[in-house]
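Quick heads-up: it's one chain on its own, the form predicted alone, in C-alpha cells.
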C-alpha cells in the first residue's frame, strides 16, 4: 500500500510511522510522499533524510483558498496513494478531496472523540480544554475523514490518564507517547492488510481484539 502523509509541523507522528515501518509494526506499506502547508515544517526534513519526496504547498502561494485546495489535492494525487494520512495536519480538507479519497483519508486527533473535537480543537487547545474541564481520562482517536470536522467513522481509540500537575504541554507529550504513536501505526497496518471495512458509517475490523494496542 502506498501512503502519502500530510503534515504541518515537527512530524512526530510521521516519525512514528517511519519507526513502525522499520520495526515491522506496519507491514505492506510504503510512504510515497510527504506534503506540508508549512515551508518550515521539520517533518519535511524527516522525509528528505529518508529519501522520500517532500513537497510544500502553502496557501500563501495562491490567490484564493479554492486555488490552494485544488493544488493541495493535485499534490496528493500526484503520488497515486492508496491512503492519505493526516499526521498533525492543520489544513481543513476540502469536500473535493474527501470525495476523491472516500474512506481513504485518516486523521489522528489528540482526544477521545466525541470529546474535545470539532472546529477550534487542535494542537495544545485540545489539551488545554481537557485540563480546564477537569476530566480524568483523555486519549487519542484515529478516524476516517469525511466532510465534517472530526466526524468521520472511528477506527481506533486509546485512553490516557491525566495526572496531578499536568500542563497542556506535558499532557500533549504523554498523549503522543501513550496513544498517538501507537494507534496511528496500528490503524495504517490494519488498512494495509485489508482488515478494515466501513459499513453504514461504522468501522468493522476483522480478526482484531480491542485492548491489544
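What you see is a predicted model, and the numbers here were worked out from it, not measured in a lab. Residue numbers count along the first chain shown, from 1.
The same protein also exists as the form predicted in complex with a further copy of the same chain; that form is not shown, yet it is the one meant from here on.
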Quiz prompt | Which of 46 to 54, 61 to 69, 159 to 167, 31 to 39 sits within 4.5 Å of a further copy of the same chain in the predicted bound form, heavy atom basis | solution = 159 to 167
Quiz item: Only one of 91, 75, 131, 100 has a non-hydrogen atom within 4.5 angstroms of a further copy of the same chain in the predicted bound form; which is it?
Solution: 131
Quiz item: Is residue 113 one of the residues lying within 4.5 Å of a further copy of the same chain in the predicted bound form, judged by heavy atom distances?
Solution: yes
Quiz item: Using 4.5 Å between non-hydrogen atoms, is residue 155 touching a further copy of the same chain in the predicted bound form?
Solution: yes
Quiz item: Does a further copy of the same chain get within 4.5 angstroms of any non-hydrogen atom of residue 137 in the predicted bound form?
Solution: yes
Quiz item: Can you check whether residue 21 is within 4.5 Å of a further copy of the same chain in the predicted bound form, heavy atom basis?
Solution: no
